[in-house]
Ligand SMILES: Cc1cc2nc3c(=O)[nH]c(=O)nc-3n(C[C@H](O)[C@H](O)[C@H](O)COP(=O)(O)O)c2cc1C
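The data below hold one chain only, encoded as structure tokens and taken in the form predicted on its own.
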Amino acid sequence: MTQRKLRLGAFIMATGHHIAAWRHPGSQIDSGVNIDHYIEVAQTAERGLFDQVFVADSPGIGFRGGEEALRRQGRVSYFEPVTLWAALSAVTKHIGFVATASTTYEDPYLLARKFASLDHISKGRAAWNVVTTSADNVHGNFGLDAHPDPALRYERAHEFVQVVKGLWDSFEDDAFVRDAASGVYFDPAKLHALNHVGKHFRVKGPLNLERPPQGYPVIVQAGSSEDGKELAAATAEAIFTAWTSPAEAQAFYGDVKGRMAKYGRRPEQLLVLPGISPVIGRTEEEAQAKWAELQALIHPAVGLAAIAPFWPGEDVSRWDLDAPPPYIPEAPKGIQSRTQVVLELARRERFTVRQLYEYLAGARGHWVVVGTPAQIADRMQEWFENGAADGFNVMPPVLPASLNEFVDLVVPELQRRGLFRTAYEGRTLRENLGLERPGNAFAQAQRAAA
């Protein structure tokens, strides 16, 4: 039995991660706005002893393509995540909740209050996925003609996270006396105004909510660009990433953890969680048949729309589906790291256009594994034991069916190998992830000065 355990998150995308999942009989077709669906999924993940559930989010409809593809798109209506997680925290006890929020399009005071509230409501199970937002469909919703430059977005993100943490420290942990006999409710000496003045923000504080149960909600980051890796090394406690080969994953794992020392951090303070989209069968033939069934549901217009962002300005509808792409460009400087992953995959595997969009249809460039529970556990164990991952963000192709299969078939296999827990270790998300609870910066500074 190994002491180090896999960390598992369930990455939830409405009907599932496969682009045609909404058409599959194993999906909940209206899941984007069906609270009962999300209750079922969260409770299934908790039954499987997952650390957390996660939904990616963007303040805009994320789609490129013509009307024919758009009308067949099943991901245009979905809940705001903090609201959703607050509701689900009332019907679960252990699972953590990761919500995405943008440092480019949110306000630090309001975000700090929102996530502190979620941490209190869930009794210490909240996490913030820090993103800078690069989707083309967002900036116009905030009155802008374009996104800020990527370097500026990340510079702002570093300061944004610093401000939010400072606001979470507004009250010291023992500030609230609540002594009815004496009439003293709290100690004002343990309330601190932030008084932050920086390049991007001026925030006085204090926050009007006591310190979160976890000290800080867990900080998650989901980018693999140079700027993203630097932000993760400085601030993140878990990083979601996308790789399709062990060598790529190992290189990323060593790179991002190797950057942490200059920020006074240790490698174990950051969990690297690549995405894995498992297509599970009790036999290999059954798994391949399930995969083929899903792929047959992809309309070519939807498939081509999935690859169009990687060839900007190109009319991909004119391409021969059963020939390789006419050319594979280099990823432009400053573009999303996911573009680099996808283009390298197309180059390495020599996919036809149809094969490429079929691969991307599964999980948008994340690692798709088709096989038996033992085969999937083999691959996960290989990455976990060879410096490629601390765990995985499990991306069910179809929901709720694929998550049920993972919990019922793969989790027991991981447990038999001593790789995964058989019971939750703690009460909070931090405790279950093996992460330290941060001290209050104001109290620490006062002790250091004394």
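In this text, residue numbers run from 1 along the sequence as written. Here the structure is a predicted model, which is why all the values come from computation and not from measurement.
Heads up, the form predicted in complex with the named molecule isn't pictured, but that's what we're talking about next.
Novice: Is it true that Leu6, Ala126 and Leu429 each have at least one non-hydrogen atom within 4.5 Å of the named molecule in the predicted complex?
Specialist: No, the candidate spot makes no contact with the named molecule.
Novice: Please determine, with the chain shown alone, which of 264-272, 176-184, 239-247, 342-350 has non-hydrogen atoms within 4.5 Å of the named molecule in the predicted complex.
Specialist: Going by heavy atoms within 4.5 Å, the stretch is 239-247.
Novice: Given that the partner is absent here, does Ala56 sit within 4.5 Å of the named molecule in the predicted complex, heavy atoms only?
Specialist: Looking in the predicted complex, residue contacts with the named molecule include Ala56, since a heavy atom lies within 4.5 Å.
Novice: Can you check whether Leu111 is within 4.5 Å of the named molecule in the predicted complex, heavy atom basis?
Specialist: Although the named molecule is absent here, Leu111 would stay clear of it in the predicted complex, with no heavy atoms inside 4.5 Å.
Novice: In the predicted complex, does Tyr154 have a heavy atom within 4.5 Å of the named molecule?
Specialist: Looking in the predicted complex, residue contacts with the named molecule include Tyr154, since a heavy atom lies within 4.5 Å.
Novice: Contact between Ser225 and the named molecule in the predicted complex at 4.5 Å, heavy atoms?
Specialist: Judged by the heavy-atom cut-off of 4.5 Å, Ser225 is in contact with the named molecule in the predicted complex.
Novice: Report the residue, out of Thr133, Thr235, Ser170, Ser89, that has at least one non-hydrogen atom within 4.5 angstroms of the named molecule in the predicted complex.
Specialist: Of the listed residues, the single hit is Thr133.
Novice: With the named molecule left out of view, choose which of Arg211, His366, Lys257, Lys290 has a non-hydrogen atom within 4.5 angstroms of it in the predicted complex.
Specialist: Result of the distance check: His366.
Novice: Need the contact residues for 79-102: heavy atom within 4.5 Å of the named molecule in the predicted complex, sequence order, or none if there are none.
Specialist: Contacting residue: only Thr100.
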